[in-house]
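The chain below stands alone and is given as structure tokens, in the form predicted alone.
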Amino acid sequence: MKKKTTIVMITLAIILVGVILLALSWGTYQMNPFEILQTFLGNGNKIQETTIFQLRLPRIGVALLVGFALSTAGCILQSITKNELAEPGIIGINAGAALAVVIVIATSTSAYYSTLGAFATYVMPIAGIAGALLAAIVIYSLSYQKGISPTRLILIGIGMNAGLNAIITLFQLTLSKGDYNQALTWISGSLWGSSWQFFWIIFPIVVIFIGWTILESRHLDVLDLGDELATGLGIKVERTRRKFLIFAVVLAAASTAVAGNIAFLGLLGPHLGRQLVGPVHQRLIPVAGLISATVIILADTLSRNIFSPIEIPVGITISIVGVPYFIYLMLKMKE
């Protein structure tokens, strides 16, 4: 199994590198692989250096972090709820973070995304985590009746997601035109305007919590066996479930703070990864991360180029793939 996992990870890494090269080369200013290499070696002209280091590379870096974060959050939620359809964008966690970020945007003095104040930029991840945590606490509290019922948690989460999105829509009606455009970016899910500042803000959060999850991934494997068996093996089920729920919330919130409410990314990676390497989380989390990172970078590349100069939010592009896959999974579960 280790050999198979290694082959899968190498293959996915090669595909990811290929997609990154595509993202670096394709755009309004076209660049071939040789020009990209020369630019990385310091031999590019000013236009090439600006295109690579200031525009495309930070956007790719943010997409990588978002892909790994949301896929890991999806792996966690699917285990603690024992439901294959669980992911941050469906059960209301992303919506809670998005609402908090929209409020930050509305209370800032900037009229457009490109001039969003530095203070607001640093506050967004904190606000996103706070909003996601609050949503998660409400969902968990409403789901708790002498323990957590995974089905009840999913249904309440779906209802919370719908309610929070309705509040966001109502909130938009009070925004100015500039604030509305910024808010729409997060609601739809977009990497437009990503910068190194955004990358370094969420980098430590994503690395720490993904690493922490992998280190304790055996507890997730035990939770997959069922509450009774997990208790028999010495796992404090509710405490462990709450801990991993916090991990998922923080990862989803950090992603939403810089890329908006992107649904289905936390669903696609874990499912495809489970088919490739099985349910053991120490293998599943890295593989799912590679898949989700590849998906978001490819989707973003298509989103900004197909209808150029108009840019489609990456969340919409991913949903075009995610919705049919979600329906397929529901039909498969029914069978």
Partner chain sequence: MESAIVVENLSVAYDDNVIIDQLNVTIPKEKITMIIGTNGCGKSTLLKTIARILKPKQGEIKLNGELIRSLAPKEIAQKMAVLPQSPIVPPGLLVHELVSYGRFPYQRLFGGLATCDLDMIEWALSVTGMSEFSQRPVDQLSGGQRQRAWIAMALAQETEILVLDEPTTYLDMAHQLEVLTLLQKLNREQKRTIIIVLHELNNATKFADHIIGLKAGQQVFAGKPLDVITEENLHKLYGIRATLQRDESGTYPICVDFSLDK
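Numbering follows the first chain given and starts at 1. Keep in mind it's a predicted model, so treat the numbers as computed, not measured.
Keep in mind that the form predicted together with the partner chain is missing from the display, and what follows is about it.
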**OP:** Select, from the options 222-230, 245-253, 128-136, 261-269, the stretch whose residues sit within 4.5 angstroms of the partner chain in the model of the complex by heavy atom distance.
**Re:** 222-230
Subject >> Ile208 within 4.5 Å of the partner chain in the model of the complex, heavy atoms >> reply: no
Original post:
Do Leu55 and the partner chain come within 4.5 Å of each other in the model of the complex, heavy atoms counted?
Top reply: no
Subject >> Any non-hydrogen atom of Pro279 within 4.5 angstroms of the partner chain in the model of the complex >> reply: yes
Original post:
Val123: heavy atom within 4.5 Å of the partner chain in the model of the complex?
Top reply: no
Original post:
Can you tell me which residues in 19-33 come within 4.5 angstroms of the partner chain in the model of the complex, by heavy atoms?
Top reply: none
